[in-house]
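Next up is one chain by itself, shown in structure tokens, the form predicted on its own.
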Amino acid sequence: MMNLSRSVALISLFLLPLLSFSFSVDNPTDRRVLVLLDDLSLKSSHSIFFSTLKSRGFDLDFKLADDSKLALQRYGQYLYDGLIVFAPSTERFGGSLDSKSIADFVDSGRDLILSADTSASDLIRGIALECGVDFDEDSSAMVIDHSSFSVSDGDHTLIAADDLVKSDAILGKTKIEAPVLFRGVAHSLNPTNNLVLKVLSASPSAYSANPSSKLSSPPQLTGSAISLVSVMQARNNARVVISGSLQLFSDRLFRSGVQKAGSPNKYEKSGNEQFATELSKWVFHERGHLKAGSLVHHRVGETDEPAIYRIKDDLEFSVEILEWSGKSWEPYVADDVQVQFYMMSPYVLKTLSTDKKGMFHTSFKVPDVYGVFQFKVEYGKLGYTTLSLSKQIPVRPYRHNEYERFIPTAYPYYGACFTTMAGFFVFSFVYLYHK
């Protein structure tokens, strides 16, 4: 029993340095990533993508998807910050890994890249479905486009896609000029899931069908309803990328030249490498990750935060918001951050001004309603982590000795009172002394 305790202690000491590099608020970038492969040959066929991750400081742990020792956590602690699943044909994961453990992994705030192709198993389809992505039910179907294909392709299944999401947070500020080459399966998004988003869409002329057989009925997925690559940001800010093509990340398509059918523009290199690199920066929180300091408020002309406000007080409010650049926290600059002064519904809604140094501020008058209010900042912008901050503060009415001695709006009542007294005095005088 003593030897067992010593062994557990030694293992814990060994794991402690590894766990210290995990995802944290101060350093949100994932560092330890588990890569699951169908075949270890993918390490060489997709080496450029993996090399870009390693060059940015990621520690990649490559394992076969059916490895009997697979595990995402040990002793209640997660061993990895991110997961890449490049094993579309896997029917069952090895070890303790299954679809539920991957869902729990995402629920814990960690990130996932999932790639499928025409051999996608029910396991991979099920994981995607949990994220709001539904792959074409026909296992032999591929995306076909007779208008937006690469001229080097004969059966029009190598799509030259250029319908990208317009978001600097997701794909970076540098525009992807060359089309992205895609060969794989189509998927659609669950319309009831507002967390999932198309990043790379098919053209209106695309459809999903078996390229080796004639169509016997209209295809179920057509046009812009087809998503080629989608992303999801969960409510806990965990991020997921789902691609219908494993080849999209391959060295061959990274290096391949591309010319879209009907276009005179010819590119020596496709947009795949730039697209995959920028997308990986987003999913692993190297970009678009925000954090906010505490909400600060006080009366105008004061610096200390009061325990209670009075109706019609003038107050100042501020909050600091920073953005992770991949290496350090930088000031976040935007003109659409708002604060609510909230009790059951917002009584005050103000857009915050910024000093371009990360500090957002405004001032307003406390409404003429007393009760328990909240300062609320709820910020959700495409590609950025969601901020939800609140601080409670009570508001009291005037005390009896804080009202004005004479209220201007009551002057008519004052006049009526004195007029009544004067009238009564005149009436009494006339009644008593006049016959």
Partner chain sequence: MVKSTSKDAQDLFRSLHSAYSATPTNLKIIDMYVVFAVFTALIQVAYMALVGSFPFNSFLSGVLSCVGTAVLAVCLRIQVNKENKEFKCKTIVTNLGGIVAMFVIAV
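Residue numbers count along the first chain shown, from 1. Given the structure is predicted, the values throughout are model-derived calculations rather than measurements. Rigid core: the largest C-alpha set superposing within 1.5 Å between the two forms.
One more form of this protein exists, namely the form predicted together with its partner chain; it is left out here, but the text below deals with it.
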Discussion item. Can you tell me which of 364-372, 377-385, 401-409, 32-40 lies within 4.5 Å of its partner chain in the predicted bound form, counting heavy atoms only?
Written reply: 401-409
Worksheet item: Listed by sequence position, which residues of 286-324 have a non-hydrogen atom within 4.5 angstroms of its partner chain in the predicted bound form?
Response: none
Worksheet item: Using the core for the fit, does the CA position of P408 change by 2 Å or more between this form and the one not shown?
Response: yes
